[in-house]
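We begin with a single chain expressed as structure tokens, specifically the form predicted alone.
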């Protein structure tokens, strides 16, 4: 299967030892929280833990939740530097982290199309831990869909008009018993 030109997938950007070290550092050093979202008049906890880090001006709102950034940690800056070297000339000034504790945790269909990200955002998704399936479907032709397996140490870059035309999700995979940490590096204008 060939990927849309707006996607780049890079495996094994971090070696196994680095993956394990970075996963442990992120698991223990990040200020994880569980947000709540309102759906159909009821408030529900998000089915994952989240954190928002970045430059001081990088306030970000999604699903009605306002996120004020925490200051970069040395681990996050090291990962950011590695990703910016790989994806040059891409630059990022913030990161949304998601901690999927097991295969029950998930993220529903959405596009990263908030106005703070600009018209054609570049979003670099970095994975550590369990391999999880990542689904895409076209907004105007839902039969046009595909999936990728995001492996630990990999980077997926979504760029150009990807967010205009495609939705993506990380579905529940209840047979997965181990955790995954995902970082989505972004640039807030």
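What you see is a predicted model; the values in this text were computed from it and never measured. Residue numbers count along the first chain shown, from 1.
Here the subject shifts to the form predicted together with a small molecule, a form of this protein not shown in this document.
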Using the partner position in the predicted bound form, report whether residue 67 sits within 4.5 Å of the small molecule, counting heavy atoms only.
no
4.5 Å heavy atom contact, residue 93 and the small molecule in the predicted bound form
no
I'd like to know if residue 53 sits close to the small molecule in the predicted bound form, meaning any non-hydrogen atom pair within 4.5 angstroms.
no
Can any non-hydrogen atom of residue 83 be found within 4.5 angstroms of the small molecule in the predicted bound form?
no
Counting non-hydrogen atoms within 4.5 angstroms of the small molecule in the predicted bound form, say which of 167, 170, 13, 176 makes the cut.
170
Which listed residue (46, 152, 125, 159) meets the criterion of a heavy atom within 4.5 Å of the small molecule in the predicted bound form?
125
Candidate spot 19, 25 and 76, all three in 4.5 Å heavy atom range of the small molecule in the predicted bound form?
no
